[in-house]
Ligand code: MF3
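Here's a solo chain for you in C-alpha cells, the form predicted alone.
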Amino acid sequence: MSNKPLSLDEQKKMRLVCKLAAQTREYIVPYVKEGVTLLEIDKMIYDHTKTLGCEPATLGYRGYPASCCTSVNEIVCHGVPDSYVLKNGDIVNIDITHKLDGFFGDTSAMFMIGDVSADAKKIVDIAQRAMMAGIEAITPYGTTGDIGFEINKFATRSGCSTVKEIGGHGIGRIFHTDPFIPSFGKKGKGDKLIPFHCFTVEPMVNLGTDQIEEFPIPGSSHHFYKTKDKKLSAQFEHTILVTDKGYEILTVP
C-alpha cells in the first residue's frame, strides 16, 4: 500500500470513476441473457464505457484483448469474451474496470441465465454474501487478514471453498497494486488498512474444492483459471475506500 493517502480531490475522482463503472455493470443487466454471445456483451460494455467518457481499463492491459472479463460456470476469473452463446442454466461473472482522469474503478457481478440449478443459486448467493462479510470486517488500521478471515469463515460454513491464489488488490492511480486482499486469513495478520486508500474485495468462491487450473491467454501475460473439479465458481467485487471512521463502497451507481 502506498504511504500516500488519497487527497480529497483524488477521493472525488475515485468516487466518480467507480460510480461510472457501477453504472455500466447495471446497464448490461437486461442484455445478459440466453442467446447472447460473450463478444456481444463485451461490445456493449466497450460502447457504454466510452459513452460515459471513460476508457475500458482491461483493453490492451498487459495484452488482454477485451473490455471486460466474462467467466462462465467453472471459469474462476479472467475469462476472455468469445463467441460462446449464453445458455439456459449458465452463470457468468462479468468484471468491469473503467479508467477516467488517471484513476481506476473496478467491479464485478454474477448473472444467472434463465432457470439455473439449486447449486448455481447457492454459489452465487454465497459469493455475494462472502464479499459483504469481508467488507463489513474493514476498519481503519485493521488488517487484510481480518477481511480474509470473515470471507473464508462464511464460505466454508456454507459448505464452499475460497480460492487462495487470487484476490483483491490495491487500486487508485494504478490498476493493480498492494495490498493483496485474500479470501482467507487470520484476524490481525497481513497488511494494515490505512485510511484514505482504496482496494477491491473480490472473493472467488467454489462449490467444490479450492484447487484451480491455470490457462494462458494468447498474446497476453494474463491467465484465466478454472476449478480443477469442474464445479461452479462465483465472484462479486466492489472497490472500497477506507476512511478514518470505517469504509465506503465506491462501486455503487
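When you see a residue number, it is the position in the sequence shown, counting from 1. Because the structure is predicted, anything quoted here is derived from the model rather than measured.
What follows is about the form predicted together with the ligand, which we do not show.
A heavy atom within 4.5 Å of the ligand in the predicted bound form is found for one listed residue only; from K187, H222, K228, K43, this is H222. Only one of the listed residues (D95, E74, D146, D90) places a non-hydrogen atom within 4.5 angstroms of the ligand in the predicted bound form, and that residue is D95. Shown alone here, C69 lies within 4.5 Å of the ligand in the predicted bound form, counting heavy atoms only. The ligand is not drawn, but in the predicted bound form it has a heavy atom within 4.5 Å of Y61. The shortest heavy atom separation between Y84 and the ligand in the predicted bound form exceeds 4.5 Å. Remark: K164 does not count among the residues lining the ligand in the predicted bound form, judged by a heavy atom distance of 4.5 Å or less. Of the stretches 173-181, 110-118, 152-160, 128-136, only 173-181 has residues with a heavy atom within 4.5 Å of the ligand in the predicted bound form. If you take 148-169 and check each residue for a heavy atom within 4.5 Å of the ligand in the predicted bound form, you get just H169.
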